[in-house]
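Heads up, the chain below is alone and in the form predicted on its own; it's given as structure tokens.
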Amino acid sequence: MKLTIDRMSLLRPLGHVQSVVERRNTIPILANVVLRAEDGQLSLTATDMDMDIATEVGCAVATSGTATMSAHMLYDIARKLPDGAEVELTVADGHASISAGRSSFRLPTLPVEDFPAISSSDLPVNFTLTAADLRDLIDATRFAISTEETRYYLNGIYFHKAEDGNLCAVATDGHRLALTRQALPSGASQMPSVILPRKAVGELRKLLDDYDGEVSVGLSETRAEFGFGTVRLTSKLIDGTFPDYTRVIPAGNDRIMQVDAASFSAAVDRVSTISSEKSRSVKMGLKPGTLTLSASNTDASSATEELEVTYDGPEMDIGFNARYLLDIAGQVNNDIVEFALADQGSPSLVRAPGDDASLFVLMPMRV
């Protein structure tokens, strides 16, 4: 195999595929990217056995062929070469030679036959979403994905067709819940309910940073595939049942507080400087027209800050994890954030006023 390619043309697709590859691999071939050069195209494929990314880019192919080499090493080489460099890649006798200007590198290759076969089973449900819509679904929910491995069915975003006929994305870690809805795309009426794993969500979100067109989505009961022009990401789904999240969404919370989102976030951030690292708790003291945020620590340090709010209910105190408050306030797409509260021991509902598409549920803390 022999080809010539511009450094930037190589770096971009390599950046996509190498991020799937685990840094520590007990199976050597899984540390490698498959390069296939033919007909003026270079295709790149990498996998971690749960997820794979494939993409292609134009190049000058002198001799067509296929080879595998270290994904991270090749990416680091391309990244450190000077801008505008022409990269020549030649594979022969079990080694790859990479040269650009006065730099040359030699990497070992592994047989392509050792690379696991990428599953291409039929995906019965296919539809398209705009990149902006998919970004919104992920951004509104991903912060609430659980990292607790024992409850593996919470380690991803739950995408499903809701009872109201909308496309719904939900994530929860048991302390907070994030939900957002969009109109169901054409072709998605028969979509299965799926849980997309946390790592796939992260890789998908990275790809969306560079892309603004339509994203093609293919789903089966066990796999999901996302297509971005020349890039294709395929992932296994979490094999588990997502809990009935509708049971934890409070319906009768009648103490409504509205506060400026930016001022609230800044004040929570300031006051939480004092709160102990372990609990990160902040107390919200409410009385008509005023919210008092306070935090204290075992070393007798404390902080308070007052904010003007719209509230005319009874006085109450309620505690929350400061990090969770900041995460949710950052996802409310409005200048005003609204809290619907019941009492200091019950879950609270957070949303933008009048927003029926997205909502957040937050469990209180004892403070």
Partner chain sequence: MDDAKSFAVLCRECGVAGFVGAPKPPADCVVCQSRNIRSHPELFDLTIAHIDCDAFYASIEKRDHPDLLNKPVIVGGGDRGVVAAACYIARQYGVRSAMPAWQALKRCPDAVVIKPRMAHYTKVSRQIRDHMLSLTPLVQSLSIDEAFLDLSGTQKYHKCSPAEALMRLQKHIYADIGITVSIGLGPNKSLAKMASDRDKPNGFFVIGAAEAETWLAPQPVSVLFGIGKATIKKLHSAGYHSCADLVAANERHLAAVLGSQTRQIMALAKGIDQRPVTPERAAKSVSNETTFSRDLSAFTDLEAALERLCSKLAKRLKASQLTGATVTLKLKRSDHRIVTRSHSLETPTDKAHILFDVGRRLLVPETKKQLSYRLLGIGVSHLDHLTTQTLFEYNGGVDDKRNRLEAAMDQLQSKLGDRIIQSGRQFSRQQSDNADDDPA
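Keep in mind that what you see is a predicted model, and the values were worked out from it rather than measured. Positions refer to the first chain, counted from 1.
Omitted from view is the form predicted in complex with its partner chain, to which the following refers.
- Glu149 is the sole member of Glu149, Glu163, Asp209, Asp239 with a non-hydrogen atom within 4.5 Å of its partner chain in the predicted bound form.
- Screening Gln182, Thr234, Ser265, Thr172 for any heavy atom within 4.5 Å of its partner chain in the predicted bound form leaves a single hit, Thr172.
- Using a 4.5 angstroms limit between non-hydrogen atoms, Met363 touches its partner chain in the predicted bound form.
- Its partner chain in the predicted bound form comes within 4.5 Å of a heavy atom belonging to Ser346.
- Using a 4.5 angstroms threshold between heavy atoms, Ala131 stays clear of its partner chain in the predicted bound form.
- Residue contact with its partner chain in the predicted bound form: Leu204 places no heavy atom within 4.5 Å of it.
- From the list 256-264, 241-249, 99-107, 86-94, the contact stretch for its partner chain in the predicted bound form under a 4.5 Å heavy atom rule is 241-249.
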